[in-house]
Ligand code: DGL
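Only one chain is given next, in structure tokens, and it is the form predicted on its own.
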Amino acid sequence: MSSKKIHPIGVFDSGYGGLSVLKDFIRLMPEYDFYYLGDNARAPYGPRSFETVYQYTLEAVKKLFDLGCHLVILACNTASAKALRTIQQKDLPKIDPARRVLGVIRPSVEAIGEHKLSGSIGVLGTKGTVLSNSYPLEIKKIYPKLNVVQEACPMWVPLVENNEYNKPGADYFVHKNIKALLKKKPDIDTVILACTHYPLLENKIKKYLPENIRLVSQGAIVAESLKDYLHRHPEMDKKCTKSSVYKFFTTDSPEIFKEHGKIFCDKINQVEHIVL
């Protein structure tokens, strides 16, 4: 089978949001092969325990390894927050020390350094990401003097997935959460969108954020970070095949995945059902 010769970069998310990151990967590195796996049957991961998210994420990573991936990106903030470190430290040495799993939190936090800081930064994320405290912990490692305030936005993902993100009803929730964030710390000058669904709400977010506040959106940042990673690790770059093959897998209905996924990425063609 020709598929055995393909060694794509694996992209994993619990659902659809990671497709917004994949879209930027393809835009920046169209020649690379990518396999996207969405665990839609068990989404959302946000409310689940650390142990459950770790177990589910590990199953998905192993599946992508089985499909020929040497490098897997967790394009999911919850999986990056609750599973990445354990997989990197505990599982990879046993599975294959030459394989790699990377997340989206570290590149997003590193991007803060490009902005002039007032000393306060805001994080907008899902309840699971906010409760995990992953962003404040990661930010403190690199920028120990920064004040970090977070705001959970439970309605934003449903608005995007139900294709309501461009409609007037979305304004109420976007305005409400931004107002709540700024009330906690009015001098914020940078806001991280800590969910891969949120770039689709970017126009509305900018509408309610003061103009002096910089918005850090993950897709482009994580894509630049991946390109840089492959440049710095030529041994991994050589393992990644480059024939512009993009394949999509879901643990739920391929038809539903195709319908909802097109909101995030226009490259979806064939979708296969997969069992983890």
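Worth saying up front: this structure is predicted, and the values here are computed from it rather than measured. When you see a residue number, it is the position in the sequence shown, counting from 1.
Another form, the form predicted in complex with this ligand, is not on view; read the next lines as being about it.
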Could you tell me which of 57 to 65, 235 to 243, 43 to 51, 27 to 35 sits within 4.5 Å of this ligand in the predicted bound form, going by non-hydrogen atoms?
-> 43 to 51
Within a 4.5 Å heavy atom cut-off, is I73 in contact with this ligand in the predicted bound form?
-> no
V157 near this ligand in the predicted bound form, any heavy atom under 4.5 Å?
-> yes
Contact label in the predicted bound form: H197 to this ligand, heavy atom within 4.5 Å | yes
Even though this ligand is not shown here, does G17 get within 4.5 Å of it in the predicted bound form, heavy atoms only?
-> yes
Going through 121 to 156 from first to last, which residues have a non-hydrogen atom within 4.5 Å of this ligand in the predicted bound form?
-> T126, T129
